[in-house]
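Given as structure tokens, the chain that follows is alone and in the form predicted on its own.
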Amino acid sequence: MNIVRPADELLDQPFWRHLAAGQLHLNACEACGAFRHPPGPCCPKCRHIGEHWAPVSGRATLQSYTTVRHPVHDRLTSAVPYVVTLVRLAEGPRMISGIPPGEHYDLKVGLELECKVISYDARFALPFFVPVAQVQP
């Protein structure tokens, strides 16, 4: 497997548990409902301390991307080249992700994307983003 995964004890955190179930959830403020990523104890919008996890639409807009041609980790040697993306979710937060391994798209900044959760085993999945017209049911 040519991915770098979090330590098993981190997979118990809500972000990873929801992904393992095939759903993208983000940390949200109890007071104003604003989503944030990465999760944090204080809302950057209203400064309230208190949070919960909620599902998001998975819709996003491509803000930037790059093709990685030199592995940044030994386990990624066989994966290069691969695409890393910066997307802005419809709900507001930005997220670093990528294009699923083996898939190729004509990417342009501003392209509308949708989340595609890919499961690697029963406890671990990753969110990737692909052009809306390309998402398979």
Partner chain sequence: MTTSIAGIGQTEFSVRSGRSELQLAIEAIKAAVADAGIDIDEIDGLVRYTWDNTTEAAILNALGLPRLTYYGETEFGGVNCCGAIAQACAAIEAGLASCIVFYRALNARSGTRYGRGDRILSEENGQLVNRQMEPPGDVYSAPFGLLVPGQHHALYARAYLDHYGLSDDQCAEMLGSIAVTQRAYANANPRALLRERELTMEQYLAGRIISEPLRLYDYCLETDGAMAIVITSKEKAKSLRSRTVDVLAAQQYVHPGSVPMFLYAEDTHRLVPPEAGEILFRRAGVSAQEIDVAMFYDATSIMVPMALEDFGFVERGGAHDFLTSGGNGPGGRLPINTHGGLLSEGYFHGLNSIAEAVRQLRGESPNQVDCETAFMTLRGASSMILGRA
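Residue numbers count along the first chain shown, from 1. The structure presented is a predicted model; accordingly, all values stated were derived computationally and were not measured.
The form predicted together with the partner chain exists for this protein as well; it is not shown, and the discussion that follows is about that form.
Undergrad: Examine Arg59 and determine whether its closest non-hydrogen atom to the partner chain in the predicted complex is within 4.5 angstroms.
TA: Flag for Arg59 set to no.
Undergrad: Hey, in the predicted complex, does Met95 get a heavy atom within 4.5 angstroms of the partner chain?
TA: Residue-level check for Met95: yes, a contact with the partner chain.
Undergrad: Examine His37 and determine whether its closest non-hydrogen atom to the partner chain in the predicted complex is within 4.5 angstroms.
TA: Taking the distances in the predicted complex, the answer for His37 is yes, it comes within 4.5 Å of the partner chain.
Undergrad: Do Lys108 and the partner chain share at least one heavy atom pair within 4.5 Å in the predicted complex?
TA: Flag for Lys108 set to yes.
Undergrad: Can you name the residues of 57-76 that have a heavy atom within 4.5 Å of the partner chain in the predicted complex?
TA: Gln63, Ser64, Tyr65, Thr66, Thr67, Val68, Arg69, His70, Pro71, Val72, His73, Asp74, Arg75, Leu76, in sequence order.
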